[in-house]
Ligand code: UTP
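Here we start with a single chain on its own, the form predicted on its own, put down as structure tokens.
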């Protein structure tokens, strides 16, 4: 992109201020700024001008689950199908690891958090250990795709190198960088982080597939014959990855997608709930639910909106590829965004001062024709580390690790 092309693109959307410091930049900085401007999705700016930027929800209805008891009855059959599929290397895993551990007091990738007490045990290492259990059972390495961000890519790759990939075969590990989206003020003006750098942030957990494709890894997936991708988050230390029973259940039930869920601990638990929206699978966030939805029960007294998602999904690659060109909706989220002011001084706000744009996995679920809701035992598979203390913290995760016999 040339300077003239950049000026034309920015003037069309009222963002000419991004070139304010052009004359002060060296050649390398100018080149970097032009690259960012070329990558800018200016359509996102329209969301700020809309009242909420959100698409109204359709008709929401409860969705049950394949319960723990039902899974147990068919466990042998599901596991046999899953193991065979894994032996044929038709399943890959995608680790969403683009975030930093800031809320946990760690200025590094969240996966570098040491969850150990008596020994070093990092989140990344425990997740790899969880995968190795399946590798041992099937005798086959599972292709692992790790999504980083611009902010933590080098730290993540260097850490895996330093730790010898935690015993995983490195030729089956692929890193890719998540796409970024600009950060804007309440007035719709894009913030600058430095004189040559636009303020941006990862484009949400729904951006993993398009980022994978942009990195050229979709060709690698096709070449390897991978038909299913198990997507999971970095912060759940008990996460079971490429679980043969889960894989087999999704396939045996003729579904193109599956989601692991847990029964809610109480009606007001702050988790997204798997449901139906206009007859298709969807996820309703806890803050979107009405009191009636939260407390509705069936004849047996069981919550109708009972199954919370834990960010562990299985997607059919062919279906994902087919819908990839259908744009995922973007959500605007209020955030505290550091920026440089009119005097080029760096400002770190203490209150929200603008918006970030995110795509969400829950919208990918809604693009599927069906989704198997697969219930798991909470204490065995759900120990998220999101907070420094209290609920879903390192402390609570360690208690569950101890309960599951993990030495730390």
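Think of the rigid core as the biggest set of C-alphas that the two forms share within 1.5 Å after superposition. All values reported here derive from a predicted model rather than from experimental measurement. Numbering follows the first chain given and starts at 1.
Not pictured, yet referred to below: the form predicted in complex with uridine 5'-triphosphate (UTP).
K.L.:
Only one of 192-200, 231-239, 210-218, 276-284 gets a heavy atom within 4.5 Å of uridine 5'-triphosphate (UTP) in the predicted complex; which is it?
P.N.:
Among the listed stretches, the partner-contacting one is 231-239.
K.L.:
Residue-level question: is residue 99 within 4.5 Å of uridine 5'-triphosphate (UTP) in the predicted complex, judged on heavy atoms?
P.N.:
Output for residue 99 is yes: heavy atoms within 4.5 Å of uridine 5'-triphosphate (UTP).
K.L.:
Residue 260: heavy atom within 4.5 Å of uridine 5'-triphosphate (UTP) in the predicted complex?
P.N.:
It does not: once uridine 5'-triphosphate (UTP) is placed as it appears in the predicted complex, residue 260 has no heavy atom within 4.5 Å of it.
K.L.:
With the partner left out here, check for me: in the predicted complex, does some heavy atom of residue 311 sit within 4.5 Å of uridine 5'-triphosphate (UTP)?
P.N.:
Taking the distances in the predicted complex, the answer for residue 311 is yes, it comes within 4.5 Å of uridine 5'-triphosphate (UTP).
K.L.:
Would residue 9 show up as a contact with uridine 5'-triphosphate (UTP) in the predicted complex if we use heavy atoms at 4.5 Å?
P.N.:
Although uridine 5'-triphosphate (UTP) is absent here, residue 9 would stay clear of it in the predicted complex, with no heavy atoms inside 4.5 Å.
K.L.:
Please tell me which of 251, 113, 86, 147 lies within 4.5 Å of uridine 5'-triphosphate (UTP) in the predicted complex, judged by heavy atoms.
P.N.:
That would be 147.
K.L.:
Counting any non-hydrogen atom inside 4.5 Å, which residue from 75, 335, 154, 170 sits next to uridine 5'-triphosphate (UTP) in the predicted complex?
P.N.:
Partner contact (heavy atom, 4.5 Å) among the options: 335.
K.L.:
Tell me whether 103, 178 and 205, taken together, all sit within 4.5 Å of uridine 5'-triphosphate (UTP) in the predicted complex, counting heavy atoms only.
P.N.:
Checked in the predicted complex: all three residues contact uridine 5'-triphosphate (UTP).
K.L.:
Taking uridine 5'-triphosphate (UTP) in the predicted complex, which residues of 375-396 have any heavy atom within 4.5 Å of it?
P.N.:
Sequence-ordered list has one entry, 386.
K.L.:
Core-aligned, is the CA shift for residue 154 between this form and the one not shown 2 angstroms or more?
P.N.:
No, its C-alpha moves less than 2 Å.
K.L.:
Examine residue 334 after superposing the rigid core and state whether its CA is displaced by 2 Å or more between this form and the one not shown.
P.N.:
Yes.
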